[in-house]
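Just the one chain here, laid out as structure tokens, in the form predicted alone.
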């Protein structure tokens, strides 16, 4: 079974609010959505961002949009206005998620 990066089967957008990152992951084609649901779990996303996300990861399924939405709590070191990180915004998290690999039949 080929293993591919998410960027080959989905696109993503992200943003932030306070210390929480919001990532939308959208299947490139409707038939790819079940693969995302099966393999891109909240636990996998939490592991993928283990160095950055100190809180829980919530996943919401949006089947009519063929999309998943993730909220990464405590992922911005307090948020853009209080963090000393070089980039304490959520805008780049979608690109980072698209580097995750999944199995595609």
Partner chain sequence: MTGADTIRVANAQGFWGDSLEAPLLQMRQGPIDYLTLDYLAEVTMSILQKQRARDGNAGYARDFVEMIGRGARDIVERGIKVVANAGGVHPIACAEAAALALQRAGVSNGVKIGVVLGDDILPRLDELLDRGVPLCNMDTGEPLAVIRSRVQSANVYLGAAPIAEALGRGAQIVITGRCADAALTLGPAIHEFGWRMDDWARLAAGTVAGHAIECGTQSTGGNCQYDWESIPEFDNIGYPIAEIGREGGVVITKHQGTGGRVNVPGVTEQLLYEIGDPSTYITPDVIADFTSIDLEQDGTDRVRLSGAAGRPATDFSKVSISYTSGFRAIGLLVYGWPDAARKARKAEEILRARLDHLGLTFDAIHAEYIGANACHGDALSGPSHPDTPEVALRVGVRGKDRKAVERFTREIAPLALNGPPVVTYVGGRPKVEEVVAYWPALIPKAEVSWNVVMKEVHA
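Residue numbers count along the first chain shown, from 1. Values in this document were obtained by computation on a predicted structure and should not be read as measured data.
The form predicted together with the partner chain is left out here; the points below concern that form.
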>> With the distance limit set at 4.5 angstroms and only heavy atoms considered, check whether 26, 85 and 99 all reach the partner chain in the model of the complex.
In response: yes
> According to a 4.5 angstroms non-hydrogen atom cut-off, is residue 69 in contact with the partner chain in the model of the complex?
Replying inline: yes
>> residue 35 versus the partner chain, in the model of the complex: is there a non-hydrogen atom within 4.5 Å?
In response: no
>> Quick check on residue 7: any heavy atom within 4.5 Å of the partner chain in the model of the complex?
In response: yes
> According to a 4.5 angstroms non-hydrogen atom cut-off, is residue 61 in contact with the partner chain in the model of the complex?
Replying inline: yes
> For the stretch 11 to 39, which residues lie within 4.5 Å of the partner chain in the model of the complex by non-hydrogen atom distance?
Replying inline: 11, 12, 13, 14, 15, 16, 17, 18, 22, 24, 25, 26, 28
